[in-house]
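Coming up is one lone chain in structure tokens, specifically the form predicted on its own.
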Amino acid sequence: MDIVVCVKTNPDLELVRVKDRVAQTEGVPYKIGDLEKNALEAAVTLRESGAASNVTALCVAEGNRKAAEDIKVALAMGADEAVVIDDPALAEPDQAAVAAVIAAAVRKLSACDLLLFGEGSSDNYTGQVGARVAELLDLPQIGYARTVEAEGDVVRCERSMDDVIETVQAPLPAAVTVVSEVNEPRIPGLMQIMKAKSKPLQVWSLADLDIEAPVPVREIESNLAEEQDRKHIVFEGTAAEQAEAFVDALIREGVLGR
């Protein structure tokens, strides 16, 4: 079985700052998202168990100029090879465009029995891409998987649905999106990091996929941070006096009842 894991690199959110209600991402390094690492770990575990023979990490650069370098983390974690789709027309794609590019790349790879995604990305978390790709490739999809097992020509997953645990299976080829409970991603050691440098890594453009730039179907009107009207009230006196003044202020604002 050949597994393709769709990996997204995102700006490191811990280093993103907000100025004048706008997120400042200039100079912020990118890294593979946490749920993508869960999906990759699930794939590598299946290969190590003998259920799979090859794991390919697939990434759409989405404006990340260093995506080909950042994807090497996936190789260090155990992927056998990696493919990055990098094209100037994909600087700011929406979910529909990303899904169209991934679907075209999977067709070009030809060998794909199981397609794995994180349930959502750490930046937008729309949860759309996995389902869109499954639709474009006419694949059955299992979402919210917290376990992933493959046996014969089926994939079997467990997922938590409020007060019950469902066991769902689908015929291969199939697409599966995983949640964080599925596993604990491994941290590659120095030897794995060094070996990753010699693993196959291809960079494709849209021309290599023989497709034109997908037309975005999403229009963002604004992504400004919410305005905050701070009152800059300072409470003075003893701790008891400050506490009493604080409660009085909350009552005047209608936060607390009298």
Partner chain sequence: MESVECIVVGGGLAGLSAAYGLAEAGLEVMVLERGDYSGAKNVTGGRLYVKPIRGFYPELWDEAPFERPVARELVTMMADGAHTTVEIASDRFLEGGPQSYTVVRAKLDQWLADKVMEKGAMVVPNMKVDELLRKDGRVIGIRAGGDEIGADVVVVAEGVLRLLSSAAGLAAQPQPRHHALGYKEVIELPAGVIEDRWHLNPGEGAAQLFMGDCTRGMMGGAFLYTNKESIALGMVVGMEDMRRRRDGTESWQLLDAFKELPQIRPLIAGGTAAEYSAHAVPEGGITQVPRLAGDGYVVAGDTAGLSFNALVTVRGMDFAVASGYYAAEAIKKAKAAGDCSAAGLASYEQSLRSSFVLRDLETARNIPGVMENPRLFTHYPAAVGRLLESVYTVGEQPQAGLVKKAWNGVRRDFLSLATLRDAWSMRKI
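Positions refer to the first chain, counted from 1. Keep in mind that what you see is a predicted model, and the values were worked out from it rather than measured.
Only in words, not in the display: the form predicted in complex with its partner chain, which the text now covers.
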Exercise for the section: Give a yes/no on whether Leu15 approaches its partner chain to within 4.5 Å in the predicted bound form, heavy atoms considered. Expected result: yes
Practice task
Consider Lys231 of the chain shown here, and say whether it contacts its partner chain in the predicted bound form, taking contact as heavy atoms within 4.5 Å.
Solution key: no
Handout entry: Interface membership of Pro200, its partner chain in the predicted bound form, 4.5 Å heavy atom rule
Key = no
Practice task
Considering only heavy atoms, tell me if Glu69 and its partner chain come within 4.5 Å of each other in the predicted bound form.
Solution key: yes
Problem - its partner chain in the predicted bound form reached by all of Gly50, Arg107 and Gly152, non-hydrogen atom within 4.5 Å - result: no
Fill in the blank from the handout: Of 39-47, 201-209, 23-31, 54-62, the segment with heavy atoms within 4.5 Å of its partner chain in the predicted bound form is residues 23-31
